[in-house]
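Here we start with a single chain on its own, the form predicted on its own, put down as structure tokens.
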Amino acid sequence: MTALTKQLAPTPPMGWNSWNTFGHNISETVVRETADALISTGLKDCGYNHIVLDDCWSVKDGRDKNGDLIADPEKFPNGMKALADYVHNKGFKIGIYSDAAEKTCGGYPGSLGFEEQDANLWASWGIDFLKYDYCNAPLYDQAEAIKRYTRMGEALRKTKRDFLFSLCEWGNQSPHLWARNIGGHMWRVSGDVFDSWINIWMKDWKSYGIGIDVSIDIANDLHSYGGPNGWNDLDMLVVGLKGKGQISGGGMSFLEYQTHMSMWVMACSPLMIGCDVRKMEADTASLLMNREVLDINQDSLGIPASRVKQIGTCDIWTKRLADSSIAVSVTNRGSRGEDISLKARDIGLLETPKLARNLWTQEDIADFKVELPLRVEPHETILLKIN
């Protein structure tokens, strides 16, 4: 941690973001109902305590006569201060969105040249979290990206309010190398992750939406850069979207969503729910609310997992935990089921008796000393905690 980075994210941030489901249709009603649903479903008690408004919250035509951003009065008739008060009174922190350019991804006013003015406005509203995007900015100019993000980081600090600073630069300028140094608490390491196992070609954007399978390799390549108060952000969760929303790739199977959740947890990625929690189904809840799984992500050591071995189409990852145990994931990235033996030496353990617990089924597996036989279905992840 540098002196610039306040200790606002000792473990990966958790919460909900509006974009994946609502996009341009974000509103005060949606935010209030989502806050209520996060409580009634038990998601808040599981640690999802940030509510983040993404793009399209402001008036699109411009700023007011003083140069201030204007919350869209049709979407937010009571204003942002009243909404922040509502969210705070429910026990959450509230986040907002802007862009390091003149326009956001959706064509709304960005914050380039207005960094201090915008930061002061957000602070006056009681905002706790800023997601800062990079649309309409120079794509391959690292020095310019650093300059623009540094300006906003400085502006947030000058407010004297604690802002969790989320950099959404998509990894083109290697933010994992510098974001922590300019006060960032989390930084995107890829383009937008879609509701798909494989990459999706988006004709309108003339680029790829990232699939879960590709994200797994990105997480492994950058694992050493994440840690307390500075996290590699693999993007918002698509668990529960089921082919709907802004970033649909056709949807995934239950086991693919389980692998998505498992790898975000193991990689210490922030966990930002993207589905409509007001309509959350039981299978989605089982993935988002398994406390034993979430404990791996929120472990106080904050050491992201890495791949230690590949057996056929299966990846084996390990993650050291604060209680001296280790988390182990076995992911079958192939199209056929695999029978494998997980050997103690493959995961850095001595051949002595040990207890493995399957965290998804919440069942203890018989003690094993040398090896543990496992059946892993296509695109499934078995997540273990081994003492």
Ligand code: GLA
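Nothing here was measured: the structure is a model prediction, and the numbers come from that model. Position 1 is the first residue in the sequence shown; the rest follow in order.
Just so it is clear, the following notes concern the form predicted together with alpha-D-galactopyranose (GLA), a form of the same protein that is not shown.
For the candidate set Arg148, Arg188, His260, Arg180, a heavy atom within 4.5 Å of alpha-D-galactopyranose (GLA) in the predicted bound form is found for exactly one residue, namely Arg188. Contact with alpha-D-galactopyranose (GLA) in the predicted bound form, judged by any heavy atom within 4.5 Å, is made by just one of Cys168, Met80, Val277, Leu288: Cys168.
Every residue of the trio Trp19, Cys105 and Met236 has some heavy atom no more than 4.5 Å from alpha-D-galactopyranose (GLA) in the predicted bound form. When alpha-D-galactopyranose (GLA) is considered in the predicted bound form, Glu28 lies well away from it, no heavy atom lying within 4.5 Å. Remark: Trp231 does not count among the residues lining alpha-D-galactopyranose (GLA) in the predicted bound form, judged by a heavy atom distance of 4.5 Å or less. The closest non-hydrogen atom of Asp133 lies within 4.5 Å of alpha-D-galactopyranose (GLA) in the predicted bound form. In the predicted bound form, alpha-D-galactopyranose (GLA) lies within 4.5 Å of some heavy atom of Asp192. You can rule out all but one of 237-245, 154-162, 168-176, 136-144: in the predicted bound form, only 168-176 has residues with a heavy atom within 4.5 Å of alpha-D-galactopyranose (GLA). If you take 28-63 and check each residue for a heavy atom within 4.5 Å of alpha-D-galactopyranose (GLA) in the predicted bound form, you get Asp54, Asp55, in sequence order.
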